[in-house]
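One chain comes next, on its own, written as structure tokens: the form predicted alone.
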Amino acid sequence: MKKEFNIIANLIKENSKVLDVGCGDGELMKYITENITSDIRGLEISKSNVQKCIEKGLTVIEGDAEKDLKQFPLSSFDYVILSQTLQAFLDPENVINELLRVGKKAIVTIPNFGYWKVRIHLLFQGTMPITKNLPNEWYNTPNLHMCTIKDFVNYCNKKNIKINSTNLNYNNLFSQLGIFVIEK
């Protein structure tokens, strides 16, 4: 299990209603089902990942978050999770708005492009780095919108989105991953 999954699970209250957007193969959903709440659903664009979720006995819908979150009613979930996917959307602002419409709270994780090892690699190598959280080459990466923890915090402040996970360290230089609980 990824350390990130444990952190996310600890942010969710027991017996909450949860939607995991871009749930991948369902590993996070499975962990939450076994440890926090069984009332969890997934939304996943990849047919093969949807099949993997179904094989694990998980409830998942095949769909594109940029288009299909509209189908969910206002505040229909206590938490909506978006784990390391925001940077891959064409319109991340729309996705954030939909997360906050569908969920009472959203848990958003982002790879931090401001992490010190990324900065050092760019400075000394002059090329886009490959790290655990950024494993692709520049030409085959799904990342369209590079963002740092500071960028995300500034965005939330500008859009009057409340960040209420004060127990997490938002150190732009030393964190590989930003993990946020946000709400309107």
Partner chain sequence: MNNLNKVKKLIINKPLKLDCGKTISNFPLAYETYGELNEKKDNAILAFHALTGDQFASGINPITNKEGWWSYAVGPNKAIDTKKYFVICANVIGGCMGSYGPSNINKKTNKSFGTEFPVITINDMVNAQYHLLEFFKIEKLFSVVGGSMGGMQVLQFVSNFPDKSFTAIPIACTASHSAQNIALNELGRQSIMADHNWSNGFYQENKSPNKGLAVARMAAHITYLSKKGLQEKFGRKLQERDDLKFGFDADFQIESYLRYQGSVFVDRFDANSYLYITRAMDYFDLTKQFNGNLSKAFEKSNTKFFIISFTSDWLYPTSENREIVIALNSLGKDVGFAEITSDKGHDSFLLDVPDFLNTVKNFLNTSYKKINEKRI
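This structure is a prediction, so every number in the text was calculated from the model and none was measured. Positions refer to the first chain, counted from 1.
One more form of this protein, predicted together with its partner chain, exists but is not displayed; see below.
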So, a 4.5 angstroms cut-off on heavy atom distances: do all three of Lys47, Thr59 and Gly63 pass it with respect to its partner chain in the model of the complex?
yes
Heavy atom of Asn133 within 4.5 Å of its partner chain in the model of the complex
no
Interface membership of Ser75, its partner chain in the model of the complex, 4.5 Å heavy atom rule
no
Might Thr148 be said to contact its partner chain in the model of the complex, defining contact as any heavy atom within 4.5 Å?
no
is_contact(Glu55, its partner chain) in the model of the complex, heavy atom dist at most 4.5 Å:
yes
Only one of these stretches, 117-125, 64-72, 134-142, 22-30, has heavy atoms within 4.5 Å of its partner chain in the model of the complex; which one is it?
64-72
